[in-house]
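One chain comes next, on its own, written as structure tokens: the form predicted alone.
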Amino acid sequence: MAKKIKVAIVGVGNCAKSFYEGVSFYSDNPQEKIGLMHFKIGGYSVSDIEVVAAFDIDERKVGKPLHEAINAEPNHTIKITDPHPSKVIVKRGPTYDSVTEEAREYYIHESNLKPVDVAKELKESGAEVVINYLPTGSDQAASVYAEAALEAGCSFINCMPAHLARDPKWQKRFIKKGLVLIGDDIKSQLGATIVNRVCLELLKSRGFLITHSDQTNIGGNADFLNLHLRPHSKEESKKASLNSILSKDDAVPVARLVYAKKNFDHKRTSIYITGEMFGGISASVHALIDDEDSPNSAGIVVDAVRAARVLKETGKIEHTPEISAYLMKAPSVQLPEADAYEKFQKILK
């Protein structure tokens, strides 16, 4: 029987809700393969993931068992299943830059409790992998949690756009301790960036010059409001992912994030690409994606958690950048999707 992969969650929002409910669902249905990109990674199933610690700053979540906190306001995303009852109590994490004044006004009720010593809590919980679900723009807070992970001997999965995995200094520090740093900015299982990249890769492989590339994401969850207030790092990671497969003669891609409260966690994405083919004749691609934002990322994170365990277990930490290229929008090394998938399979087989 595989040893449990003990995980700590930073930020008990919609993504954490989908992740925890997803682990509950696949634990109750251990032979279910539908919806999983990888049924097993290095022998580990989704059911081998165990959440042992969680941190947040909202008074409606802090102090509650995890299975209750994931359903507290302002979380609003589709339910996957009834989550397993959890003995994990959500601890009051440090705030730093993880919340803006506008966010406090709109949807965050910040706890007046004193923040805990995160490294101490990680050590006592036995966590070995930390999942960073902090909102976009929380660069200082992300660094603080990464420092705590290093001190506690935990690998770190950076699901937001803060420059961590792309920073050679951070990578060296984790490698020196025999730990894995996967990031930055989680891809969706079927998201705007992955669909856009595949379309652009196809057109480039067929000899097209890209004359226009436009992507608009519309959503209404708390993260989208935060993205609306602090869009720059997210837009940067999306553009970096798309630019990596274009030449200097192609049009610079445009990526927009639009907040629409009525959408809640439902995301609608429109992609419009035009190009010139044989003889300079114009052709275009139009795509519309409707999805639930948080479950779409959870399918990637369950792979990232298992990959972190296997990389450490097999002594292949130096291959983390290739693994990140498959799972993340803004890894330290960008690869074509097919190449990233092939390397993921080969490294973690």
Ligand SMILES: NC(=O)c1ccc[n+]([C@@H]2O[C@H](COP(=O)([O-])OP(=O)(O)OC[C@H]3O[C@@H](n4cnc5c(N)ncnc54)[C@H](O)[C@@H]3O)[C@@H](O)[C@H]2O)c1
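Position 1 is the first residue in the sequence shown; the rest follow in order. None of these values were measured; they are calculated from a predicted model.
Same protein, other form: the form predicted in complex with the ligand, not shown, and the subject of what follows.
Of the candidate stretches 53 to 61, 316 to 324, 277 to 285, 38 to 46, only 53 to 61 contains residues with a heavy atom within 4.5 Å of the ligand in the predicted bound form. The listed set S188, Q171, S111, S125 contains one residue whose heavy atoms approach the ligand in the predicted bound form to within 4.5 Å, identified as S188. Among the residues V130, A165, L203, M160, the one placing a heavy atom within 4.5 Å of the ligand in the predicted bound form is M160. Remark: P135 counts among the residues lining the ligand in the predicted bound form, judged by a heavy atom distance of 4.5 Å or less. Proximity of P94 to the ligand in the predicted bound form falls within the 4.5 Å heavy atom cutoff.
Heavy atoms of I271 never reach within 4.5 Å of the ligand in the predicted bound form, leaving it off the interface. Taking the partner from elsewhere, S98 is found to have a heavy atom lying within 4.5 Å of the ligand in the predicted bound form.
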